[in-house]
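Single chain ahead, written as structure tokens, the form predicted on its own.
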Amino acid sequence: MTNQDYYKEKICIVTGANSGIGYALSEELLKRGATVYLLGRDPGKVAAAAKKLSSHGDRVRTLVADVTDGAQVQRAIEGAAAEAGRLDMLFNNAGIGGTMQFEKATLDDWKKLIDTNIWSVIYGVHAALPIMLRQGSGHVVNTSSAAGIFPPPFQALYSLSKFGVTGMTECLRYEFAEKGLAFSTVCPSNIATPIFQKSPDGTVHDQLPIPDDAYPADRTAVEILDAAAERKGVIVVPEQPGTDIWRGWAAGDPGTEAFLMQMAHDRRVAYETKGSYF
């Protein structure tokens, strides 16, 4: 089976499908022959995303749910599986960023990040798992971050949430392998999406820049789906330099330690001089 064939005629749900990585994943899944339920909180944005993908016909479907509300997530996933007759893949992709000075973060900032980045994944897995266990098959792909495998400075809130996603997903990968289920964790570095221009409360700051080194979202989707088709556990995109930093940090490499210290300095100076960490 090729990486393309892996997705043919699969029933997939993608959360956070309105834009960014979620939209790119949805588009690439459709190109590979899957039926995709685009899940988002805003009905208008979900409809607009579906309209842009309308050339794929009735394989484009929509779900409206707030991923921070467990009951809504449960209804959406169970409803889609009932309508389609099964659920082959769930992409828990919805998430928000959180690069900020720790001492300036409020408890509301913490709650918003944890509700969106951790609880949404828990809700999704909780709803999908019984369906996939009954089928004896299924694949859950959870979006973590490079900040979920090593600790970038000024991202304590975000990194906490993403380390949680990575850890949970890896545990489940081993726990359910003998049941025929697959779990993958996506760990993107800087990807060219609007996440850099949103604060934890959802406010959009158009004046904030997307980092110059940001990787294209469409290319990210291709690499994620190729790796997931091989049932890889942790998927780092782009693979370099993320994998080297991850391994260096885990091994206590002095060069990686110096790199992260320099990152902390550079981000502090950038914020103090231009109001942006990137």
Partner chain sequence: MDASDYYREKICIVTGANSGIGFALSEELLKRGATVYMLGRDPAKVAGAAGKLSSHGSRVRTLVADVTEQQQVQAAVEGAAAEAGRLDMLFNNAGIFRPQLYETATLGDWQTMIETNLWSVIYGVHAALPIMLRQGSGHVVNTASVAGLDPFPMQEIYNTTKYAVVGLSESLRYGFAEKGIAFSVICPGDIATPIYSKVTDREGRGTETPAHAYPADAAATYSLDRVAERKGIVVVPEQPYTDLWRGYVVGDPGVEAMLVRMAHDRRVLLETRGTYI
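Note that this is a predicted model, so its numbers are computed, not measured. Positions refer to the first chain, counted from 1.
Here the subject shifts to the form predicted in complex with its partner chain, a form of this protein not shown in this document.
Stretch 243 to 251 is the answer when you ask which of 220 to 228, 243 to 251, 58 to 66, 45 to 53 has residues with heavy atoms within 4.5 Å of its partner chain in the model of the complex. With the partner omitted from this view, the residue of 122, 96, 84, 182 that lies near its partner chain in the model of the complex is 122 [heavy atom within 4.5 Å]. Among heavy atoms of residue 189, none comes within 4.5 Å of its partner chain in the model of the complex. Its partner chain in the model of the complex is approached by residue 151, whose closest heavy atom lies within 4.5 angstroms of it.
Residue contact check for residue 75: none of its heavy atoms lie within 4.5 Å of its partner chain in the model of the complex. Mapping the unseen interface onto this chain, residue 88 falls outside it, with no heavy atom inside 4.5 Å of its partner chain in the model of the complex. Residues of 144 to 183 that come within 4.5 Å of its partner chain in the model of the complex, judged by any heavy atom, are 151, 152, 153, 154, 155, 156, 159, 160, 163, 164, 166, 167, 168, 170, 171, 172, 173, 174, 175, 176, 178, 179 in sequence order.
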